[in-house]
Structures are given as C-alpha cells and as structure tokens.
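A lone chain, given as structure tokens: the form predicted alone.
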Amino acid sequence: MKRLLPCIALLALASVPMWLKDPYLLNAFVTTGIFIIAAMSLNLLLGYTGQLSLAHVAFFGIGAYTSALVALGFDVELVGGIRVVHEPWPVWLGFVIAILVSGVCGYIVGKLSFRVRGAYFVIVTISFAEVVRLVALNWVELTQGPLALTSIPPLTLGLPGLGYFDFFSKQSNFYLVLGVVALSYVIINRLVNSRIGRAMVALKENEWLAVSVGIDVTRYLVLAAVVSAAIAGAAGSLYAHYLKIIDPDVFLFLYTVTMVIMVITGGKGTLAGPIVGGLIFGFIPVVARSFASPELQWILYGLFMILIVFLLPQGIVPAIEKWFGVGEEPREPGATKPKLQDVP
C-alpha cells in the first residue's frame, strides 16, 4: 500500500486542472510546485547527508538566469575587449543547459565547502549565494541588473511530426511542473535507496564511523551536492519561463528560508516530506489572504510553523507514518539494522 501512495497522489494532483478553473489558485499550484522541486533538492543534502546548505537559492537563480539567457541570447564584452555574442537557442536546450550549469556549480561549491563542517559550511554557502546575487545585480550588460530580463519565452517542446507545443497557459505549466516533480521524486528515490544513498545516510548518522569503514566522505557529499544543485537549477528554469521575467530578487534569502521550512516541517530525510510541507506552506498565504491583513498573514504563518515544530518535531510525514504504521517494515526478532560494512 505504501508503494501505491505516490501513484495515487500523482493521479489526484493530475486531476486538479480538470475541476479547478480559478486562475489564481492554479497559479498558486504552479509556483508552489516549483518551490517543492527546490525543496526536494535541498532535502537530498539536509535530510540524507545532514548538511544544511543555504546556497540553494543561488543554484535556483543560476538555473533561472542560464535558461533565460540561452533562450534570449546576449552580447557582452569580457576582459581584454573580447566580445561574446550568443544567438537565441531553443528553449528546451536552455532548460537542459541550466541543469548542467547548476550541477557544475554544485560540484565546485561542494569541492570547496565540504572541506569544512558545521557553522563554517553554512557561512561558505551563504557567501556563495550572496556573491552570485551581487554578480546578477551588477553585471548589467549580461543580466540587465535591477531592470530584469524580460520577454522570456515559455518552455517549448518539439514533437516529431506534430510540431511544437508551448507551455504558455497555467494548465500546461501545471502539468509540466507536476512532471518535473514526479521525475525529481523518482531520481531522488532511486538514489537514496541505492548503495550511494546508504553511504550518505551513514555519513549523516556518524561520519567518523563511516570513514573508518572506508566510505569516501568527499565523494558522496559532492555527488549529493551535484544532483541537488542540478534539480534546483531545473526548478529555477521553470520559474523563469513561467513568470517570463527574472531579476536579482530571485536570490532573496527569503526563498532559502521557504525551502528550509518546507523540508523541516514536512519531514527531512523523507521523500514525501518536502512535498507535504510545500503544499501546506505554499497555500497558507493563499488561504490567509482571503481573511487576514498582510501583517496577520505572516503572524499566522509563523505560529503555524512553530506549532508543527513543537507538536511534530520529526515533521508531518514521519508523524503520519507513525500514526498509521506505514513507516519502517517490522524486523524479525533478533534481526539487526544494516551495517555500515554493507556500504562501499
């Protein structure tokens, strides 16, 4: 039954545009879905390796800017009078390049920042996010700075023999985002349930013990950073092509806080946690807006978050699994947990 729940949830969500005709609520579903993808990528690091990265908003923004610039084209002058002219490429190619560029940035940041731990690691990731924001703000010739990149085309999918399909409407973007959510879920699921995933969890539980049995710390942490950054870049690309405008505000620290809240309240280290937390905290402002002033909305948002943290310290999904007995499979008497020696 537990394995069927993701399929049932996917079918239920796929039916939303069929009965929900309010464009405002559909827009809320699309934007919430995009941030759920970003939260899922953060959960791979925070939930399965125990590393709190506050640079995810940077990967999100890098994906957004990369995809937009590939689709729009640019003409910039580099150091030494070298001029780089890029003609617009197909939008789908921009989406792919955004994922690759974000993944490469994740590799670089991982190689540099995983040499330190704890508060030092958090400081390194925050610094990286701030540097990227300043570049986007001040490199006006490339990014237009505070004037923003505008007229970003919608994502387009070419089908052989059938022409091209533009994801322009809210309904089409809803299914596009839902598809990326499902694909991200599958990728993360396969990863964390593999030998690589067991190595990541071992590092989170007891890094020194994991090292003592031969687990390469840097290798697995950097791999998690690359996959996590690539998925965050995909979310940023969807965000840029959906809104059709992007500016340095995409790097706001508020977006990082939003991702962390979605992961922590939903249940870090669980596949469904960021999805459940994202849906709840993505729609609290929507619901509160109908009866509360802006100031009261933030108060309600904070109170609800505090209530969940106090009553369900492990998160919503672990609490539900415990209540309904759908968590870990019961072991036979005398059985032991998997040993670290099972991990390469």
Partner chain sequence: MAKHSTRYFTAIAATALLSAGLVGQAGAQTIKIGVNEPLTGPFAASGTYVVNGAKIAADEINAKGGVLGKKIELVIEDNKSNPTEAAAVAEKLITADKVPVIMGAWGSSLTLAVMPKLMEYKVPMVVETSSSGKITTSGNPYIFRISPPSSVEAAAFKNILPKMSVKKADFLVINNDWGRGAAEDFGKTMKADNVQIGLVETMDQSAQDMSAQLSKIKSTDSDTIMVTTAVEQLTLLLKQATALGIKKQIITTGGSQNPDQLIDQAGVAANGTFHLTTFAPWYPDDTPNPVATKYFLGEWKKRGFNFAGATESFRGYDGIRTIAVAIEKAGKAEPEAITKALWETELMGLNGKIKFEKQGPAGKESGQSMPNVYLIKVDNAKVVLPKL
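Note that this is a predicted model, so its numbers are computed, not measured. Residue numbers count along the first chain shown, from 1.
Although it is not shown, the form predicted together with the partner chain is what the next lines describe.
- Among heavy atoms of Gln144, some come within 4.5 Å of the partner chain in the model of the complex.
- In the model of the complex, none of the heavy atoms of Tyr185 sits within 4.5 Å of a heavy atom of the partner chain.
- Using a 4.5 angstroms limit between non-hydrogen atoms, Tyr255 touches the partner chain in the model of the complex.
- For the chain shown alone, His86 is not a contact residue for the partner chain in the model of the complex, no non-hydrogen atom being within 4.5 angstroms.
- In short, of 99-107, 229-237, 77-85, 135-143 it is 135-143 that has heavy atoms within 4.5 Å of the partner chain in the model of the complex.
- Across the proposed site, Pro23, Ile245 and Leu311 without exception bring a heavy atom within 4.5 Å of the partner chain in the model of the complex.
- Within 4.5 angstroms of the partner chain in the model of the complex, the stretch 284-300 places a non-hydrogen atom from each of Pro285, Val287, Arg289, Pro294, Glu295, Gln297, Trp298, taken in sequence order.
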